[in-house]
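One chain is shown next in structure tokens, namely the form predicted alone.
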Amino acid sequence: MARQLRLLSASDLNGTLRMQDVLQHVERAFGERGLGRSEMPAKTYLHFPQHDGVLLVMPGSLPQMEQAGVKLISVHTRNPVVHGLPTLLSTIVLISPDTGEPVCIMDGSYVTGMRTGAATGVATKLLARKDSRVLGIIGAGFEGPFQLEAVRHVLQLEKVLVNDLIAEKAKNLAALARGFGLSARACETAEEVVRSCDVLVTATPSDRPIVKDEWMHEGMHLNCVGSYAAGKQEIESAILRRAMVVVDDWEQASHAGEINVPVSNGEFDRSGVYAELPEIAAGLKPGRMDDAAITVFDTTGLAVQDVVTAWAAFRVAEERGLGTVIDALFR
């Protein structure tokens, strides 16, 4: 018998997941990936240069968990000003592995925010010094609150420093951190954040380095979140050459992650990558081994993160009766 299809909007999904649960789901998905128990073809890109946009297609499957899905995510930088729409627009289709039926179509923005934050949280858990107490965030846009939420669940944070080109955004994120009982303030410069933090998150769309090598200090951990396409770069290449570098996926990172520019320039290659995070999550390689080392996590976002997080949200939506249920589309 054909299954019904559940439609979930952004408002249906908000608040369906707890970050501490998503951290566990995403870490498991990384582990499955590390053990070779996932299927995840490379991201496919469709470019719309006349509209300053790009569409990413991300399929993924976790056979051991009986979960599969595809995410479509567009990044159109003109949207807020020209069309009154968000820069990022995302849709996720969940597929039942046993029949191939679509069981859910959902807005993907909430899932993307949660799983991206969770990836940073998992990486920070495995790569940051355990005594890290100060979090720095450069880029206080959509992803900022998710990054804060994830890192505060894996470290005993005491202080948060935030910088953004739009001062009001930095102040708002700092206020959110204070609501969690943390000391927090907005900083006027990125340099102030970098020099004063133990763990740094960069979550900007920058195509030029905004974090300088000379600002770095030993024992730091960096999560480079913002780079999503060729030409994007948030930190100076010199940092990569002296750091323990971990990527979520070499192929994706070398083409679209933080390392893509130095790779294309011949300044960095695969020999400079210590591991893929799934290898560490699966226990195949150790995480941080030296408290004095600088560690860098380059995340481009894996489809298996979307799949495991979206299925978790779908299950909650089923339990709560959220969204709209319609007959199968192919009837």
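The shown structure was predicted, so the numbers you read here are calculated from the model rather than taken from an experiment. Each residue number is its position in the shown sequence, starting from 1.
There is also a form predicted in complex with a small molecule; it is not shown, and the following applies to it.
- [ ] Given that the partner is absent here, state which listed stretch (137-145, 236-244, 89-97, 215-223) has heavy atoms within 4.5 Å of the small molecule in the predicted bound form.
- [x] Contact-bearing stretch, as computed: 137-145.
- [ ] Scan 253, 199, 184, 203 and let me know which has any heavy atom within 4.5 Å of the small molecule in the predicted bound form.
- [x] Checking each option against the small molecule in the predicted bound form, the one that comes within 4.5 Å is 203.
Open item on the list: Just to be sure I understand the contacts: of 262, 278, 301, 60, which is the one whose heavy atoms reach within 4.5 angstroms of the small molecule in the predicted bound form?
Closed with: Looking at the other structure, the residue within range turns out to be 301.
Open item on the list: Just checking whether residue 228 would be counted as a contact of the small molecule in the predicted bound form - the rule being heavy atoms within 4.5 angstroms.
Closed with: So residue 228 counts as contacting the small molecule.
Task: Touches the small molecule in the predicted bound form: residue 159 (any heavy atom, 4.5 Å) - done: Residue 159: no contact with the small molecule in the predicted bound form.
Open item on the list: With a cut-off of 4.5 Å between heavy atoms, is residue 164 one of the residues that contacts the small molecule in the predicted bound form?
Closed with: Residue-level check for residue 164: yes, a contact with the small molecule.
Task: Partner proximity in the predicted bound form: residue 116 to the small molecule, non-hydrogen atom cutoff 4.5 Å - done: Yes, contact at 4.5 Å.
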